[in-house]
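As a starting point, one isolated chain is supplied in structure tokens, in the form predicted on its own.
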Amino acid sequence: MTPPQPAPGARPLPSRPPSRAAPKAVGVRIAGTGSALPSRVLTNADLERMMDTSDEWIVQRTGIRTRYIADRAKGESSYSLSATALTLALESAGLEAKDLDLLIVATMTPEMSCPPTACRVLEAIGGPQAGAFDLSGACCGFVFGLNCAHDLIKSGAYRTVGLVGCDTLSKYMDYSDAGRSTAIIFGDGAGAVVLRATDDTDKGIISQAMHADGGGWKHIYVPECDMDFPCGVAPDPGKLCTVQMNGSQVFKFAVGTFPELIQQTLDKAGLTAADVDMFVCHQSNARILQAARERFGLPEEKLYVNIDRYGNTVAASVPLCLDELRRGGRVRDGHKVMFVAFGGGLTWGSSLWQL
């Protein structure tokens, strides 16, 4: 059939742009991991001297015995811990800072509101003028970041992405009787991974999920002014810039959501819990982790726990576990690993990988 011709005096038809080849299919691998902890260890015995509590009470309810606290007089902060963890992750991957195409820092305790902590970390490690931004997802920040970074690499937009999970929640703690329900729980730290494109298309995320219940925000929040307090809660100047948490509601949410999230992720992948080599879960409470283990009939070695040593380190929790597991040879290429987190927002998410 002869294509239509333009009328006399009319503008010629635009030429059809050349067709573009489909982007090459790639897999995504975890090339390296690293972690960093502050120098100060805060034990339950230390807390006994600071508030009305006891080692027995803390361990029974949370499983926590020690946690690390950033010493700002020594320059320890979200920025410095993130830079150290990322440097170690790059070394683990056999790469240099110049190899990064993008850097994401998952944190709810940025160094300051501007600039993004990721930009300062990029400068600290001598990185290139790559993309850099912060991601705020509370305890889910690192898992949400894994899903985002993975898909950016799969799309062909980037080949090497650094992802850090770091929080220094100690700056939002009240280490007195008024704040003991939260101060016993949280610790500071950072964990990092380097993700890279690979020709092995079997590597990467098998299934994932990300959820939020905005109506539950009032169960964990950090008010900075009177208007930040939920409706029905009288503003209290003594509670500004400190974590406010409804512990019973958060525990109920986590106990119910945790197994449902794991099952949803398994169903999406067409797998069973027995098919997964390791569950790397946010370390919020030892009792919650134990309940999930029993729900799926998992042996102890398949669901890692280190909350006794670090407490709840928010976005750093999952990558701290991963770095320990990887360095110990318990997570390696060929394994199926599920990352799971839940926290403020309320948020919950998962990322099931074929390593």
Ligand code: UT7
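Quick caveat, the model's predicted, so the values are computed rather than measured. Counting begins at 1, following the sequence as shown.
What follows is about the form predicted in complex with oxa(dethia)-CoA (UT7), which we do not show.
Student: Among 198, 181, 207, 147, which has any heavy atom within 4.5 Å of oxa(dethia)-CoA (UT7) in the predicted complex?
Tutor: Spelling it out, the residue with a heavy atom inside the cut-off is 181.
Student: oxa(dethia)-CoA (UT7) isn't shown here, but in the predicted complex which of 170, 284, 80, 109 has a heavy atom within 4.5 Å of it?
Tutor: So the residue touching oxa(dethia)-CoA (UT7) in the predicted complex, by this definition, is 284.
Student: Heavy atoms within 4.5 Å of oxa(dethia)-CoA (UT7) in the predicted complex: which stretch among 114 to 122, 225 to 233, 239 to 247, 208 to 216?
Tutor: Single hit among the candidates: 239 to 247.
Student: Do residue 61 and oxa(dethia)-CoA (UT7) share at least one heavy atom pair within 4.5 Å in the predicted complex?
Tutor: Close contact exists here: in the predicted complex, residue 61 approaches oxa(dethia)-CoA (UT7) to within 4.5 Å, heavy atoms only.
Student: My question is simply whether residue 57 lines the interface with oxa(dethia)-CoA (UT7) in the predicted complex - judged by any non-hydrogen atom within 4.5 Å.
Tutor: Residue 57 belongs to the contact set for oxa(dethia)-CoA (UT7).
Student: Is residue 251 near oxa(dethia)-CoA (UT7)? Define near as a heavy atom within 4.5 Å, in the predicted complex.
Tutor: Because a heavy atom of residue 251 falls inside 4.5 Å of oxa(dethia)-CoA (UT7) in the predicted complex, the answer is yes.
Student: Does any heavy atom of residue 193 come within 4.5 Å of a heavy atom of oxa(dethia)-CoA (UT7) in the predicted complex?
Tutor: So residue 193 does not count as contacting oxa(dethia)-CoA (UT7).
Student: At 4.5 Å by heavy atoms, is each residue in 37, 68 and 316 next to oxa(dethia)-CoA (UT7) in the predicted complex?
Tutor: Looking in the predicted complex, the three residues 37, 68 and 316 all stay beyond 4.5 Å of oxa(dethia)-CoA (UT7) (heavy atoms).
Student: Only counting heavy atoms and a 4.5 Å limit, does any residue of 203 to 222 reach oxa(dethia)-CoA (UT7) in the predicted complex, and if so which ones?
Tutor: Sequence-ordered list has one entry, 220.
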